[in-house]
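One chain follows as structure tokens, the form predicted alone.
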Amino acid sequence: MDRRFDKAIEVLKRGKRFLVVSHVGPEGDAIGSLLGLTLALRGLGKDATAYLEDRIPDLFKFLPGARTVVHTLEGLGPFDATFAVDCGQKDRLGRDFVNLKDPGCVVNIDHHATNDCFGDINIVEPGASAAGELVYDFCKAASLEITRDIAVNLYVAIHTDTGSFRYSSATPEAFIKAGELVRLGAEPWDVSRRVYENYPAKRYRLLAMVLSTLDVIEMKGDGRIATLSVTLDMFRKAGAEKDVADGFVNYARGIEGVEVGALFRECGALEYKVSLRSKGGVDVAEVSRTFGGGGHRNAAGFTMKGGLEEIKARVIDAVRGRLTNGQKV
């Protein structure tokens, strides 16, 4: 039997009112895990509230249960327990949750190596392909029915966080569980079409401006770093929201000879969100930790105050240090 979830299952049995939360700036794994677990709790007859501080990006609004997500916790609670999924630090769960007086027992279900174990119960497995994989395991361990709607959500979680099963996180276990979710009703082509072939035209208008900022920095034979930048003015000109730029960093990483791609997204006055992607030779989670962020070995990020050129120089120096210290494979 799977004993990893014993304490969480006891919490589930005792409670009636539950809150399910995930991180700010949610992507496929966060949203799919959140909705999948929320629907599973509701299927058990529990009162389950799904909360995200930020809105759900348009690409993921097709997911079953998306319309039931709330974006404020004002007037809600107390809760018997909170399930936090796909989040490494409590402060990334949103202001309303951080200030919530009665979250109940906090069950932290995550797969980030940089997770600081903020929960009362912590189920943190960096070897899992996605938080959605752990939610799948929890449903199985707790004998929760995985309906078609739940299967679609959890499949999207695994599908997106493995880069359509292209990343090193696409383990045999991830394929097996994804296959079971397909058997339960998730449709791979429908998911792929909705997530990857349904972009608004403004994404491409924004991308054209972002690609014009491309800079490739040689590292004296130790590989290259490629950077891209996106400003608030670019978002305004394209008529686009911040989530429209999701995935742009991969264009930097995808260049031949580049070991690390970086995207610098302006998010306020002298404030930038930095996204890092590695081909495997540099642990960008370590780089991110030095700036107060976190993530995975090949995908991480953080927010930094300062001017763009200053921030770029600091990040490039940090990556260069990893390259010259022999991290490159």
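In this text, residue numbers run from 1 along the sequence as written. Fair warning: this is a prediction, and the values are worked out from it, not measured in the lab.
If you look for the form predicted in complex with guanosine-5'-monophosphate (5GP), you will not find it shown, but the lines that follow are about it.
query = Heavy atoms within 4.5 Å of guanosine-5'-monophosphate (5GP) in the model of the complex: which of the stretches 66-74, 34-42, 287-295, 52-60 has them?
reply = Contact-bearing stretch, as computed: 287-295.
ask   = For Ser278, is any heavy atom within 4.5 Å of guanosine-5'-monophosphate (5GP) in the model of the complex, or not?
value = So Ser278 does not count as contacting guanosine-5'-monophosphate (5GP).
inquiry  = Residue-level contact is defined here as any heavy atom of the residue lying within 4.5 Å of guanosine-5'-monophosphate (5GP) in the model of the complex; does Phe264 satisfy this criterion?
reply    = Contact check for Phe264: no, nothing within 4.5 Å of guanosine-5'-monophosphate (5GP) in the model of the complex.
message = So, Gln89 and guanosine-5'-monophosphate (5GP): in the model of the complex, are they within 4.5 Å at any heavy atom pair?
response = Within the cut-off, so yes.
request  = Determine whether any heavy atom of Ala300 comes within 4.5 Å of a heavy atom of guanosine-5'-monophosphate (5GP) in the model of the complex, and answer yes or no.
outcome  = Taking the distances in the model of the complex, the answer for Ala300 is yes, it comes within 4.5 Å of guanosine-5'-monophosphate (5GP).
key: Candidate from Lys177, Arg253, Arg203, His112 lying within 4.5 Å of guanosine-5'-monophosphate (5GP) in the model of the complex - any heavy atom   = Of the candidates Lys177, Arg253, Arg203, His112, His112 is the one lying within 4.5 Å of guanosine-5'-monophosphate (5GP) in the model of the complex.
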